[in-house]
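As a starting point, one isolated chain is supplied in structure tokens, in the form predicted on its own.
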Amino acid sequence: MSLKSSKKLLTKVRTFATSANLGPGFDCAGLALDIYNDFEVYEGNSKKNCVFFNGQDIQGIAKDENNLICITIRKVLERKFGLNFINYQKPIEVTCKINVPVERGLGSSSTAVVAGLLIANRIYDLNLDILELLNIGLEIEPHPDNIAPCLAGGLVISYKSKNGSYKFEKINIIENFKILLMIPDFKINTNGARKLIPDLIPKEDAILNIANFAILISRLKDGNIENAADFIRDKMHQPYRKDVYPDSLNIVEELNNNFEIPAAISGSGPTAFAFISESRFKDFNEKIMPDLKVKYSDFEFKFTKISNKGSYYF
């Protein structure tokens, strides 16, 4: 870690994990989770930016200008100041506390991009609004279903407007459930997983996803997830990736089919998630969870909740 006691603190940022797709909402729906990474930004002593880490899954993450935080800051400055952006840069040191698992389908790269967006906006006094930040971030990380909920918090549906820019709607839901994350001990590269999805989807599969997503969102808004397992099913992305996360998909299908608990793959995987209603929570913990932990011993089982506030300065 850097010797930060002698350096001027510029800002502190907290950004949140996300679960994208929510089953049938491929590439448009995302949910912010109450798992977060913290970033402290200090004036740097050298001409180049430096990034320091502690926490989990930090091996192999770039600590120089190639870090996503630094790349994002440069992109923000480029969009604001054009080719002269380099004249506005000032060296910084960023210390990062990483709690969001990396390459597990929980939006870890989006937490870095959003951190870069917020850091640039604050330390350069740019006053960019959330939609401007979103669209700059998407030039680096083209996944609005991760970046939008990370920025805004809660359940977010993103879409491309008629002028080509992205916007989003935040959906108010009744959170009468806990979110169970089932995180296996291996990673998946998002870009590699995306290549497994065909360009053309059978019409009947698209129709099924549209119907399921509409009803799933309605159930979440009404706080009625008792039969939502029927409507979290997906035909557009999960079946095509089953070979890269077979056990994750097995958990999803077991929870949906055997216990009528709505479950899906989080983002591009391999993490799976499930909505456990308050009315079934005690029974689930006592009767279902022990067997899952034995059967899927390589998975970490972690309960969390929705983060509604969105990423912020603190």
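Note that the structure is predicted; figures quoted are calculated from it, not measured. The first residue of the sequence shown is number 1, and the count goes up from there.
We do not show the form predicted in complex with another copy of the chain, though everything after this point is about it.
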property	result
Options 101 to 109, 191 to 199, 80 to 88, 119 to 127; stretch whose heavy atom lies within 4.5 Å of another copy of the chain in the predicted bound form	191 to 199
In the predicted bound form, M182 touching another copy of the chain (heavy atom, 4.5 Å)	no
Contact of I225 with another copy of the chain in the predicted bound form (heavy atom, 4.5 Å)	no
Contact flag, K75 vs another copy of the chain in the predicted bound form, heavy atom cut 4.5 Å	no
In the predicted bound form, F177 touching another copy of the chain (heavy atom, 4.5 Å)	no
Heavy atom within 4.5 Å of another copy of the chain in the predicted bound form - residue from V244, I210, I71, L131	I210
Listed residue that, although another copy of the chain is not shown, lies within 4.5 Å of it in the predicted bound form (heavy atoms), from M236, I92, A152, L138	M236
Stretch 140 to 158: residues contacting another copy of the chain in the predicted bound form, 4.5 Å heavy atom cut-off	I157, S158
